[in-house]
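Shown here is one chain on its own, the form predicted on its own, set out as structure tokens.
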């Protein structure tokens, strides 16, 4: 079938298998071009491995350190002639590339929040890998069923305390429009923390620890974002920010738990990038579009793979070890938050209108990055040719 992009809101409901494979291949090539990591983790688990920072983490571990990796994800296979999700095609391409180089690449597709999935993954790691040197937690999901109380909680993107009005970029219509968000209720705040906080990360570490699968010196990392003050009402000071505060407290608890193994837990505060998750947050698409323009002009722009390769190479596995801020976080957003970068963004922000959006932002780059998440807009791919949507993932035992 011939597959074209079909965008609905902040999601593209189609994905191109060859385009996704090309995108994964470009990221692998980038990591390999940087050479081997100074130190090499042997066994790596990535929870939320199929897109964005999670995918980049698995690529950096496998192709920068020749590590054995296991990826957990929740993706849709092709069905009845319809394409699979982009993450499915990403994992298929990754597994094929790993297999070609003789690297172990185990995969499990399903609800990572469930104890059933944890048990399956732990059983396979015991049989096929052994104790883990690195556990990456990179889940971004709209809802979570708590295995303890059985309740399904749904996260929301809202301010706390009072309504918030600001300009945002409607990327479908290429229009700068005002958006007003009502404040979250206490129930909505609680639910967002249950989904996006550190509770599930802690549960994974506890169960891996009880199974004896955390190696001496094991490190675990979860990803966060802070951003500039212009986004704080809906992000850092909103429901997501409350969840991320819980994530940071969890990191401190896990760090204490790992001390007996000489292990460490970290939060990596990453740069703003185009992901399926970030596209859904009001105000953020406008900020990212301006930020991309400024950082590209200064030669400082990074996508997920550049960030994570630098995290592994210059922080996690650098000879001197990770450098953290006063809260114990690794600040991979250091280039984004440079005063001169933020000053330029702040200068441009009030000037951007629908008429000036192409001139004052990198709208084209934002759109290109968004489509590439789904395998579209990649050089060397014939999008007019027939392609096979039914693709298998080597190393996956539970195909759907």
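Because the structure is a prediction, the values reported are computed rather than measured. Positions refer to the first chain, counted from 1.
Although it is not shown, the form predicted together with nicotinamide-adenine-dinucleotide is what the next lines describe.
In the model of the complex, nicotinamide-adenine-dinucleotide sits beyond 4.5 Å of every heavy atom of residue 194.
Using a 4.5 Å cutoff between non-hydrogen atoms, residue 223 counts as a contact of nicotinamide-adenine-dinucleotide in the model of the complex. Although the partner is absent here, residue 158 sits far enough away that none of its heavy atoms falls within 4.5 Å of nicotinamide-adenine-dinucleotide in the model of the complex.
With a 4.5 Å cutoff on heavy atoms, residue 74 counts as touching nicotinamide-adenine-dinucleotide in the model of the complex. Partner contacts here mean any heavy atom within 4.5 Å of nicotinamide-adenine-dinucleotide in the model of the complex, and among 316 to 324, 205 to 213, 105 to 113, 169 to 177 they occur only in 105 to 113. Every residue in the set 48, 51 and 141 has a non-hydrogen atom no more than 4.5 Å from nicotinamide-adenine-dinucleotide in the model of the complex. For the options 135, 121, 272, 267, the one in contact with nicotinamide-adenine-dinucleotide in the model of the complex, meaning a heavy atom within 4.5 Å, is 272. The partner is absent here; in the model of the complex, the one residue of 312, 235, 201, 153 having a heavy atom within 4.5 Å of nicotinamide-adenine-dinucleotide is 235.
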